[in-house]
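Given as structure tokens, the chain that follows is alone and in the form predicted on its own.
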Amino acid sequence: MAESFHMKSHEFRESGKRLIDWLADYYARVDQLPVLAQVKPGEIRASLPAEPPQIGVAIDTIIEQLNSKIMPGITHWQSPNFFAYFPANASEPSVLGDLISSGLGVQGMLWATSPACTEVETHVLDWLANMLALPKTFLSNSAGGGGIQDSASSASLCAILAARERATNFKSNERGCRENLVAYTSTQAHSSIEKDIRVAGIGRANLWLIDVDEQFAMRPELLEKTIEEDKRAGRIPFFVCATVGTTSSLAFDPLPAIGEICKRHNLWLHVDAAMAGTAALCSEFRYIQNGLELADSYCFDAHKWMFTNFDCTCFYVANRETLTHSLSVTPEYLRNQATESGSVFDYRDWHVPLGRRFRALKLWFVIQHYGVEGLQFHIRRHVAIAQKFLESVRKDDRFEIIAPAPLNLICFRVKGDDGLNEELLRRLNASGQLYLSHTKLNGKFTLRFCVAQMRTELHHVEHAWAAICAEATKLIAARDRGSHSNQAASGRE
């Protein structure tokens, strides 16, 4: 009998326990590690063997290589000192749910290929719709419903495709019928909208970026003016993306006004709430989604602020038939009795890929572990900690706040030129003590400080503020010395 190279059951059991222990130890010490990876381009790859092993290696060796070769190149998104970009939380229950999903290895393209994969997803998305107080049109017992996408980028693409088909009476794949379609979003919207417009065949030239107000929110009067001008020019407006919490500054587009415009002109309204949407778990923050009842589709990322590891974007539509009609292709080998009955969801028709993982399982684990009250507690705590940071910045006259900060993202800078702020960011990130990212607002280089990592506590933020102040003090002193030197030299001349 030929020897099997598969991992034996007892080896799998022992290795699994060791790796869970490894992760638990990592989470316990992650706040002691340099947040930003301290390696140069190509360094990790150069440390790896040029050729793969001809003979399989033991788990001990794999773990040793994980520690010595992989970990030096990890930027620690799970560090409580990670304040950059947006969170990518991997809570322990989500990791466990993902472990079971990976182990089961189901392919959930059709209801028939694993009924639990589909029905748990539908059920959990309905749970979430109620937890967030979303419009009833997004529930599965209405004409709409929800499903899980890999990212907000994919969710927006699917919304664009459905909007395209609705605007062209499902004939957009016929030659020439897409040429006059135009779409709209704000200058502060995520760059994925532009990419999705390209992928959907609409073309970047047919996407208008609408200017924003002093709070970086889309100006609805400019949106309507642009729509009307396009109509007079013979173009076909078909899609608007509004943002609830922009990436740069967490700005909130005025959904009621934008929704009414879309309704008057029969445009598809997609609402992207990638990070901020989670805040609606708390009743006091639900004002951010006022007007959402006018939307045709909506998404938020559970893999950002809702402690569910990547990838898990929750995508809702008010009319699922438009979406599925736009994306459904059914070859003979996928036909089955359940699908033909019309009584089940086949989520392969809700997104671009045919295949799909059992993502709902990790979301189910998270909601079951934390409960609604547990999730609300941590969201409120993050907002409270962020507001304390905001208060510290406001009290220090060396700094300025650049954008409104009602939730957990603070956009600030040292008063001075961009070079000073760029150097401040470089020094902070190089220190390994914390990690920030930046944006440009009103043409100014601006630091972004996001409090949403699940392990972040007040003392981490206080430590970060102390580090920011210390580096700012050094830079300002150096600037002032240089200024005095220049003045003295000018006087001698």
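In this text, residue numbers run from 1 along the sequence as written. Nothing here was measured: the structure is a model prediction, and the numbers come from that model.
What comes next is about the form predicted in complex with a further copy of the same chain, which does not appear here.
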Is it the case that residue 9, even though its partner is missing from this view, gets within 4.5 Å of a further copy of the same chain in the predicted complex, heavy atoms only?
yes
Would you classify residue 480 as touching a further copy of the same chain in the predicted complex, given a 4.5 Å non-hydrogen atom cut-off?
no
Using heavy atoms and a 4.5 Å limit, would one call residue 219 a contact residue for a further copy of the same chain in the predicted complex?
no
Just checking whether residue 78 would be counted as a contact of a further copy of the same chain in the predicted complex - the rule being heavy atoms within 4.5 angstroms.
yes
Name the residue from 288, 143, 420, 199 that puts a heavy atom within 4.5 Å of a further copy of the same chain in the predicted complex.
199
Of the options 263, 123, 398, 231, which one has a non-hydrogen atom that comes within 4.5 Å of a further copy of the same chain in the predicted complex?
123
Is it true that 99, 107 and 179, all three, sit within 4.5 Å of a further copy of the same chain in the predicted complex, judged by heavy atoms?
yes
At 4.5 Å between heavy atoms, only one of the stretches 305-313, 220-228, 386-394, 254-262 reaches a further copy of the same chain in the predicted complex; which one is it?
305-313
Is any part of 53-77 within 4.5 angstroms of a further copy of the same chain in the predicted complex by a non-hydrogen atom, and which residues would that be?
53, 54, 55, 56, 57, 59, 62, 65, 66, 70, 71, 73, 74, 75, 77
